[in-house]
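This document starts with one chain, in the form predicted on its own, laid out as structure tokens.
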């Protein structure tokens, strides 16, 4: 009898403990979700509010900032406090999600879901898929599947992407951007980092070379448009390059347009090299400064000259950094858009994958073809990103 009573007491205590844990977990989930819902309602109210006067606009802006920053802070504080009310085991399990949960949700909502939708759209013609509701699936299954597969063309858009001559030119141009742009940006960045490291004017030189990084891609395109500007032979040449060229007794040239393709692309690639060399230089300079001085001195004592030190000591020591910077710039060149759009608009056979996507989506209004190009660009970038992440995991690159 005593043992039965003890068993009932223990069972009751265990059930109470389970109920307590479940209750705390539910509260820990419900309260943050409720807080997040209130924040969403507040932001929707702010979105729908149309202030007229300056004072109203200022008030709405202040409320939006306070509501956003303060609301996010309250969401984290309240959620963290509730999680900490649980036992240590559950705190360890749930607390990380309080901080990484919003980031994961944002990635899913703004990256994973749009990627899925883009792939779905790529399987349809220019009209895209029809809007269907799941209520139709139960009321009229035939209509549901009929609407679901209306405008469906399978992988025809992908076949067209690789069959069209304009897209083949775009692939070729992106390859040129990688071969010349990414490679030369890395090479020049490494050369400048090594040479500036030995100069008395290191800080000034690096500042000047890094300065273009402060300019947007569109701004850089506008600047270089002036440099490449071409006028009639009878008019003064306001473009720097043509002014020098004409001063040497040559005819003015439309460098990005009439120069024989694909070499007109090189004049666009120069802009990217100008922008990215500073980025590569800064990273390489930090890596070079991390090389032990004792190693350098020992190699000099053994009779190695500076060229041998560069290729046999410096390069192997910072190889992880070189690979990381190189793959980062390759990803950047694969997605290049701004420079080409500002300089030529993708004309004169200077189009790249991103500009072709823009044309199909916003000029031709072909949702299916544009989505297929976007997926092809994603597939092109993903292997480079995976390789980059593996390099980070395998060794310390910085």
Partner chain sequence: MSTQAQSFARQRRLSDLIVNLALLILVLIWTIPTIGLLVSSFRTRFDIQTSGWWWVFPHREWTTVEEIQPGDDLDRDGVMEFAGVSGTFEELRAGIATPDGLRVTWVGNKRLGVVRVQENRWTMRTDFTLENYGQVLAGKTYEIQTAGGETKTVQGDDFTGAFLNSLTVSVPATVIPILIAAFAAYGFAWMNFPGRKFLFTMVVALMVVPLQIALVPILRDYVSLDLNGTFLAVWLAHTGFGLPLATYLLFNYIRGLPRDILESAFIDGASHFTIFTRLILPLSVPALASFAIFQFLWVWNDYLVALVFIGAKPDVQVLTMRIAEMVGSRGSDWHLLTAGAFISMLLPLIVFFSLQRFFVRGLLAGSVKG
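Positions refer to the first chain, counted from 1. Values in this document were obtained by computation on a predicted structure and should not be read as measured data. Between two forms, the rigid core is the largest collection of C-alphas that superpose within 1.5 Å.
The next section is about a form of this same protein that is not shown, the form predicted in complex with the partner chain.
- Checking 248, 73, 163, 301 for any heavy atom within 4.5 Å of the partner chain in the predicted complex turns up a single hit: 73.
- Of the residues given (319, 77, 296, 159), 77 alone sits with a heavy atom within 4.5 Å of the partner chain in the predicted complex.
- Residues within 4.5 angstroms of the partner chain in the predicted complex, judged by any non-hydrogen atom, belong to 188-196 and to none of the other stretches in 310-318, 188-196, 175-183, 248-256.
- The closest non-hydrogen atom of residue 225 lies within 4.5 Å of the partner chain in the predicted complex.
- Contact check for residue 110: a non-hydrogen atom falls within 4.5 Å of the partner chain in the predicted complex.
- Although the partner is absent here, residue 125 is not a contact residue: none of its heavy atoms lies within 4.5 angstroms of the partner chain in the predicted complex.
- In the predicted complex, residue 210 approaches the partner chain with a heavy atom inside 4.5 Å.
- Residues of 276-313 placing a heavy atom within 4.5 Å of the partner chain in the predicted complex, in sequence order: 277, 279, 282, 283, 286.
- With the core held fixed, the Cα of residue 335 is displaced between the shown form and the other one by less than 2 Å.
- Comparing the forms between the shown form and the other one on their rigid core, the Cα displacement of residue 378 stays under 2 Å.
- Once the cores line up, the CA of residue 119 ends up less than 2 angstroms apart between the shown form and the other one.
- Note on residue 214 and residue 69: their C-alpha atoms are nearer in the predicted complex, a change of at least 3 Å from this conformation.
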